[in-house]
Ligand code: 5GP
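Taking the form predicted alone, here's one chain by itself in structure tokens.
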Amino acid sequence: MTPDVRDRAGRPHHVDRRPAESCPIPDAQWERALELIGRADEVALACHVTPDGDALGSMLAVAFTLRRMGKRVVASFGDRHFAVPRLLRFLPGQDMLVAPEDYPAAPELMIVFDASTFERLGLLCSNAATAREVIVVDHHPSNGGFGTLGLIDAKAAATAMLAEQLVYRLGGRLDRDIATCLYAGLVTDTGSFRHSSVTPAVHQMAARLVATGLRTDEIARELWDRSPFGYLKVLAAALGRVTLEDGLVWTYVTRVDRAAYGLPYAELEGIIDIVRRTDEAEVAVVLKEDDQGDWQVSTRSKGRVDVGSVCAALGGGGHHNAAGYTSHDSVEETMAKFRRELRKAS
């Protein structure tokens, strides 16, 4: 079925749904996913904790499609303080979200987006463990294949690319709501089309989404050009203690920093993208203390070092150039362990 899209003038616009690059996921796995979805009365969707645009956008795009198929749909993520990050509150479909405590205890079918491990589901780990079937839609190389069925493509630039294929295979049509969700996922995980993961298929997907009439300038403003005043103060504190050493640049943000300005943890996401600009550093690290007192470690590489393998060795994972993990140690011990693993990978 060809997506029903129109250009900004309202004229019908034909969209070729065929991917520019072959998908490595076997057709048999897609067919199995469609079979499981087809026979399920209710589908429970989940994405990783503290969701980014790719996680939440992919989940909501598929949720729209399932609801239009007549399925009962419930969607969530397993944060203790359940709230959609401010930057993503423009995404449509949030009426389908429920808090973790209202999520089915033992779903008939659960579809997980953008999570490489069960642990990334937070409070929904137990729900996934008791679900009859768990379909995992993901693009992280560190994904070990958890769940009962994997739709995993480590070469995909974003989980949104797989979500789009699932929408099509379910017989869905692109409209502005679905396209907004998918576009948010695509642009956030490609760094506005700046990362090395960008391929012709990425731009062709973007063209299909923009053809629905998206205001890409408005989406960009929501994602990157807005922040509360307190963010500037916290950013100043983080930059004030930034350290450069042997090709590594790093800093940290404490709960005290945030509390002084009432800044939620989710607002810290962009700090790593400022720190990583340092010309003299190949690897950038930002430690962010969450509300429970643990350190969420974000890492970036300019290409020579595989920070995904470094983070995997420390209990996390991600991609070659962008990865993360959780540390329960002090700042000093966290960085000491990171340096040891970094030396092995360099």
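Keep in mind that this is a model prediction, so the values were computed, not measured. Position 1 is the first residue in the sequence shown; the rest follow in order.
Although it is not shown, the form predicted together with guanosine-5'-monophosphate is what the next lines describe.
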Original post:
Which of 81-89, 112-120, 96-104, 239-247 has heavy atoms within 4.5 Å of guanosine-5'-monophosphate in the predicted bound form?
Top reply: 112-120
Subject >> Position in contact with guanosine-5'-monophosphate when the complex is considered in the predicted bound form, options 140, 258, 276, 208, heavy atoms within 4.5 Å >> reply: 140
Original post:
Using 4.5 Å between non-hydrogen atoms, is residue 322 touching guanosine-5'-monophosphate in the predicted bound form?
Top reply: yes
Original post:
Would residue 301 count as a contact of guanosine-5'-monophosphate in the predicted bound form, using a 4.5 angstroms cut-off between non-hydrogen atoms?
Top reply: no
**OP:** May I ask you to list the residues of 264-283 that have any heavy atom within 4.5 angstroms of guanosine-5'-monophosphate in the predicted bound form, in sequence order?
**Re:** none
